[in-house]
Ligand code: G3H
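Okay, so here's just one chain, in structure tokens, the form predicted on its own.
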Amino acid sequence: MQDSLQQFVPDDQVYKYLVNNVWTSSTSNQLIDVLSPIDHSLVGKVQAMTKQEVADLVQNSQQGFFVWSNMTMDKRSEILTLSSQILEKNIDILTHMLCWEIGKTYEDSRDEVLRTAKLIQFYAEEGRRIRNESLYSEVFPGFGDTKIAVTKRVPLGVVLAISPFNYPVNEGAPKLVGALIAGNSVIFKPSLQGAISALYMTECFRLAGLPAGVLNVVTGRSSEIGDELVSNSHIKAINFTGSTQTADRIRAKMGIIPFIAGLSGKDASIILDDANIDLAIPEVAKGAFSYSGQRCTAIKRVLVHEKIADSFVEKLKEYVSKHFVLGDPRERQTTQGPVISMDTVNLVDALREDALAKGADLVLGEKNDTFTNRLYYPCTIIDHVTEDMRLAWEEPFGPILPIIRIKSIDEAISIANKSDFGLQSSVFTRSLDSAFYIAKRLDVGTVQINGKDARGPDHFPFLGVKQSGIGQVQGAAYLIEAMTRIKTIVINTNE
């Protein structure tokens, strides 16, 4: 069996969309350029599909569902396990593509591929543990021993998976395997920036032997095909990661179906005056600036007690200056690459200038002319940020970190909870009592104690509240369950 992605690389840099296990060109004869944030070079061209092609693809996914849902769990698990092995075997190709296409550093890109391979393997095994039940009427008054209910978790049907630019492989994969292992067919719509990396991952599933129509891939402009996709009556669930604004648009168009959405965040890291600073500094730095802060779980504000604020800020500046080397992410010594677009640059600039104009202090982030490409944005730390500044509340999705000085635990909780977002928060303290006092009161999905905000491990529950998330909890067992519904068969004994 062919299991190398090397033959998937097109000589003309033109990539096709996948339908019925066939890589296909659009009848629109239109292509969309995907340019690298590293140097604006052409990574490749993807198909601009038509509405009719999307409608036909959805119909094909419906046919694929009937085949796949009737396949045994053992066989589905076997195919998905093989796809994880193919993915890991091709780690070098995927790593290179992630670096080039989305500007992620070599180490982070390689880690994303390896983590994804392990994630797929875990989901393939976890699917074998889907829980079915039998219930007896004798425990309920008035029925006696006359009924037996057999409950079985069955797949939903055709699931639409929409992944973001920042983790096209690692955010795409759980959406795919969570639905597939449960017996659903999947339509995969990756972000245009990141789409080529996602196509390479999809090819691993195809090579592993997924039946035709079980996994189809859509490429194109959401403004042209998005409504057709999310409003199609054959779509039985949508799993989306992206902005809150896009989620609102999807909800306005979709039917009454399950909607899982991982959205924006403004994660706060609370540093108490008894915190282990030597532990907190690297965790906060990595949490804030890994992949230039382009993560929903990035630390996007620090609430530090005023007693230790001066020392904390100085040590944070020293650590970031030493450990975050801005440059071409394909070079091994680089630890911070470019941001994804000028939209990010412009927003970070605006938040930075607003804060400085209102009296905040620039600790780190002096711009220089080393890089003519403005996407190479330096790690920026701004101290003495106050609540009247945009930086205290808006999500930059870029490498800028506000420092807000607080006087007490309760003030930190109050500021953290004023945000419209509620994804994660972290607390650094030596006091377990203080940690749990804060954790109980923070209105977020997850609280990390003495560690940076993060999504994994991938079997842990992952969710957001307020404007940070909608729908079912994610994480292996939770997501697989969300991709099923309960079907009950009642046996009447008539005794």
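One-based numbering along the sequence shown. All figures in this text were calculated on a predicted structure; none of them were measured in a lab.
The same protein also has a form predicted together with the named molecule, omitted here; what follows describes it.
Student: Can you tell me whether F65 touches the named molecule? I mean in the model of the complex, with a 4.5 angstroms heavy atom cut-off.
Tutor: Close contact is absent here: in the model of the complex, F65 is far from the named molecule, nothing within 4.5 Å, heavy atoms only.
Student: Do Y200 and the named molecule share at least one heavy atom pair within 4.5 Å in the model of the complex?
Tutor: Result no; Y200 lies far from the named molecule in the model of the complex.
Student: Could you tell me if R295 has a non-hydrogen atom within 4.5 Å of the named molecule in the model of the complex?
Tutor: Yes, contact at 4.5 Å.
Student: Can you tell me whether A48 touches the named molecule? I mean in the model of the complex, with a 4.5 angstroms heavy atom cut-off.
Tutor: Looking in the model of the complex, residue contacts with the named molecule do not include A48, since no heavy atom lies within 4.5 Å.
Student: The named molecule isn't shown here, but in the model of the complex which of R115, R153, K147, H305 has a heavy atom within 4.5 Å of it?
Tutor: Residue within 4.5 Å of the partner: R115.
Student: Which of S84, N166, T105, T380 has a heavy atom within 4.5 Å of the named molecule in the model of the complex?
Tutor: The residue from S84, N166, T105, T380 that makes the contact is N166.
Student: Of these, 34-42, 447-455, 426-434, 53-61, which stretch puts a heavy atom within 4.5 angstroms of the named molecule in the model of the complex?
Tutor: Checking each option against the 4.5 Å cut-off leaves 447-455.
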